[in-house]
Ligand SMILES: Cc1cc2nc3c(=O)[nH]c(=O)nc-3n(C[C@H](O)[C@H](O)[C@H](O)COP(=O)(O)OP(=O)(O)OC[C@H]3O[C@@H](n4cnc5c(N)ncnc54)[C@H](O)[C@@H]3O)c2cc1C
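This document starts with one chain, in the form predicted on its own, laid out as structure tokens.
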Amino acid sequence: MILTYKTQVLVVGSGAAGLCAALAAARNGAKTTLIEYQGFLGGISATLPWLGFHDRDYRLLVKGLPLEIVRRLQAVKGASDFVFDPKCGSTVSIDTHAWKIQAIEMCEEAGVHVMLQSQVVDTLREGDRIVGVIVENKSGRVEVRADITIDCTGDGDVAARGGVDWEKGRTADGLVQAPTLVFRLGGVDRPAFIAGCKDPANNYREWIRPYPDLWEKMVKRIDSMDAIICGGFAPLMEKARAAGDLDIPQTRVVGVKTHRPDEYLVVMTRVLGLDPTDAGSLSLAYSRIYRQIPQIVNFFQKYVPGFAGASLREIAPMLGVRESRRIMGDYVITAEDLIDGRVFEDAVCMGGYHIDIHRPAGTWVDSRNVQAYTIPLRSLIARDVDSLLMAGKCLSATHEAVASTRVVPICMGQGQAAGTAAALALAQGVSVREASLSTIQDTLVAQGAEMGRTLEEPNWKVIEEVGQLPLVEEESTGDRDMASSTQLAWIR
């Protein structure tokens, strides 16, 4: 027997985008259901610090509901203050468990109906309309019918099962960005670690080291920084590799010294050739990556200053998949839109994080800086069907563009926009395409969101204190290098 449940707005996936989509839809008056296959809300956002609330001019681009979430966490000491950064704009280090608790509390406050540990197994489509999904959970098989469905699965599962067009990977070979399973180390000696960062020979921030003025400003600030972003230490990794202590497809230390005094989040595990839509490929990826963790822990203990007494504290419950299916929408965002800082007439949120491609066939990252850009509502509406929206890393964008739009704050902004548009369209009795764009935009602005209308001038004080990288930087290397060419680096 199939149970049937009816809702107005259905959100599938409770990551950064899905959670905000559900909250926004409910707060704007729609009966809202949120489906999540894990036993907690937040997805990847509940495993790591959040990067990219600010742009390279240190202007706050992501406001509204995402900013409210951060402020609530900060009020209970569940998050650090914003820490400005020349490459990432800003970071905020969060207590991941405090965030899980707050996420479920916010859904209860808003009246969102939450279905945890529920797996979507099929999409309901009637002609050109997506009308819901089929879910399996402890209660059996459930048919959830909705007026509007928002796909926030990250993998575009609802769209794919509903016959909606999608793309995956880069055009040349279909490869997606390398995934990472993050883990935390405890027992870190913070003063010793900071001393190691200050040593120029270690090159702890590869992007900043070539610019002496930025380096001096970073060294001056680092003792008081609540969170310290790392992307470097290549000399230490080369030393460990030469000694036979390290054999992973990564050539830089990537991670964040969190706001907890003795804690460090490692973002270095990596495999290449993953198909995130294939269960066998995912299973093999987990197996390969779990093997890397003891090796990386040993590397930190033996080679990285401040980690001699460190130990493994926690492994994230889910693999961080940076790129999967991208649902084709009424507009496909391109890298040029981001680099040029394009302002769309139907803008509903903003971003300013650099294009951060974790190389699909190599190590380190391929990065391009961007100007503050907007995301159009059309990129959140699935092409050639009615009643299907999307937000998060499965929005309508190219392989290059999603490398910026995928970060947590920008996904949150997309979610707020999609949920608000869905609720207002239902209130008007029309499809999202037919809904009043001005009403959607005005409502978002009234609820604190930013789409360029209230954007401040560059923060000259912070620019002076922190510095700015040039908009165009030299390209980094790492495509199909020695570390990424070993047999174990790839899933075949």
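One rule holds for the numbers: they count along the sequence shown, beginning at 1. Computed from a predicted model, the values in this text were never measured in an experiment.
The following text describes the form predicted in complex with this ligand, which does not appear among the structures shown.
Here is the short version: of 408, 375, 421, 397, the single residue with a heavy atom within 4.5 Å of this ligand in the predicted bound form is 408.
Partner contact region in the predicted bound form: 320-328, out of 320-328, 140-148, 71-79, 270-278, criterion any non-hydrogen atom within 4.5 Å of this ligand. Candidate site formed by 38, 42 and 51: every one of these residues places a non-hydrogen atom within 4.5 angstroms of this ligand in the predicted bound form. The closest non-hydrogen atom of residue 416 lies beyond 4.5 Å of this ligand in the predicted bound form. Among heavy atoms of residue 362, none comes within 4.5 Å of this ligand in the predicted bound form. At a distance threshold of 4.5 angstroms between non-hydrogen atoms, residue 12 is in contact with this ligand in the predicted bound form. Shown alone here, residue 352 lies farther than 4.5 Å from this ligand in the predicted bound form, counting heavy atoms only. Along 346-378, no residue reaches a heavy atom to within 4.5 Å of this ligand in the predicted bound form.
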